[in-house]
Structures are given as C-alpha cells and as structure tokens.
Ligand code: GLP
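The chain below stands alone and is given in structure tokens; this is the form predicted on its own.
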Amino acid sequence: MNVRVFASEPEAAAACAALVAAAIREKPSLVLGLPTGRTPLNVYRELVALHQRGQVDFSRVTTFNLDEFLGLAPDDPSSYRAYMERHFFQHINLAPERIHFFDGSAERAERECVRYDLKLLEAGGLDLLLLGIGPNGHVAFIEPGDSLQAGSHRARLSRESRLAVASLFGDDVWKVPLAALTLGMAGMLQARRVILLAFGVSKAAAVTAMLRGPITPMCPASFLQLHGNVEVWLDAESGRGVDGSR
C-alpha cells in the first residue's frame, strides 16, 4: 500500500477531490464507491465546489454507497442516504437512477444484499473506491470478528461503531440501530483503485494495524494489503508511526 502523509486534513481532502475529478474527466462513466461518516465530509465539500466551478461533470457517473443502517427508510433523516443527499447528491448533477444504495427498510436483509451485489456486478465493479477506517479497524461496516463475509451482508454493529455515529441520532447511542447492511470485502478488493482516508489521532492505531500488522479479520482493513492498487492518505496525527509505503 502506498502511503501519503499530508500536513492537514483539508489538504488531503482537496487532493482527494482533485483526484476524483480527474478520474471522472478521464472516464466520464466512472463507477464510484462512496463512504459516509465524518471523514469524507471535506472531500464532498471540495467536489461540490469543483462542480459549481464547472470543473467536474457527474451526469454519467454511477455511485454505490458502502453501507446503510438496518431498519431505516431512505428518507429517514438519520439514514446514510439522507446524509448523502444533504452533503453531496443534492448539490451536483448526478442522475438519480445512477445512485445505488442499500435499502435499510427492506423486509429481507439477505435478499437486499444479493440485489445490491447484482447491481454492482452489472455495473462492472468499482473503478474507484473511497474508504474511511474506524478506530477498531473496520471499513464500511465490516466489523472485527473471527471471520469475514465476502459478499454484502447484515452486520451487527460494535458499540464503538455505534458511538462513532451517535451524532446522527441526537448524540443518543441507544437510538443507533444495532445492525447495518454493508458491502463485503470481495466488492472492495475487486475495485480497480482504492483511496483510504484517515484523519486524527484516534485513527493512528488502526492505521498502523492495517499497514504493519498481520492480515486478520480482527482488523478488516488489513485485508487491503491483498489489493494491488491502494493509496492510504493520512494527516500528521493519523500517520504517527508511519514512516513510508508498503
């Protein structure tokens, strides 16, 4: 994995947005994997600004978001779909039919995961995948455990992950759903290019485990060591102890 340590989070976010815009200009029909949470917010702001200046056109781009809370309808204000609408989709010219999301309110979670994986297969897989990483080493909502599931699946959320997203639920962790639907590791490893972003000292241990530790389901992000085209973009705090590329 190739590692870049930036002086600050805003600098990394601006560089990431510029990279995404360049990839879209090179391939207007880019298939883009998108994360949620706090980490990508500045990237989305930068992409919106680029679009408003006429420097990137999303009209032929296809997106796949990586996860959604189980039990929440797309129009629930705490859903990740609502998050994406607020922070990104409603500010750009992305065609609604090209937006792909898990339906957290689906009656059968397993069938919804199969539907999602088939849509991703029909799209030809991800050209570019943006990722964050949790303090416990999770990516999307693939949580640490004894084993990993290759395909999209229902995941039970750790307390650590629920605390991290409590701000979407009025800072009340008890309102955070116990489970989510998430892209599986196969979908991530089959992406043609991966950019993982990590900011802040709370991510430093997970970054070190991902880069330097063994490949283990106890740190799901470590499986990215198996990918041939991963870039890890850090700020100075999350990059503590990182001395180069691997």
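Start at 1 with the first residue shown and count on from there. Everything numeric in this text was worked out from a predicted model, so none of it was measured.
The discussion below concerns the form predicted in complex with this ligand, not included here.
Note on the partner interface in the model of the complex: the residue among V165, A106, L94, A155 having a heavy atom within 4.5 angstroms of this ligand is V165.
The contact residue chosen from R38, R212, R192, K27 relative to this ligand in the model of the complex is R38, the criterion being a non-hydrogen atom within 4.5 angstroms.
Proximity of Y80 to this ligand in the model of the complex: non-hydrogen atoms within 4.5 Å are present.
Proximity of A140 to this ligand in the model of the complex falls within the 4.5 Å heavy atom cutoff. Although the partner is absent here, L126 lies well away from this ligand in the model of the complex, with no heavy atom inside 4.5 Å. When contacts are judged by a 4.5 Å heavy atom cut-off, P144 does not count as touching this ligand in the model of the complex. Only one listed stretch (130 to 138, 113 to 121, 169 to 177, 84 to 92) carries heavy atoms within 4.5 Å of this ligand in the model of the complex, and that stretch is 130 to 138. Contacts between 188 to 224 and this ligand, taken as any heavy atom within 4.5 Å in the model of the complex, involve only K203.
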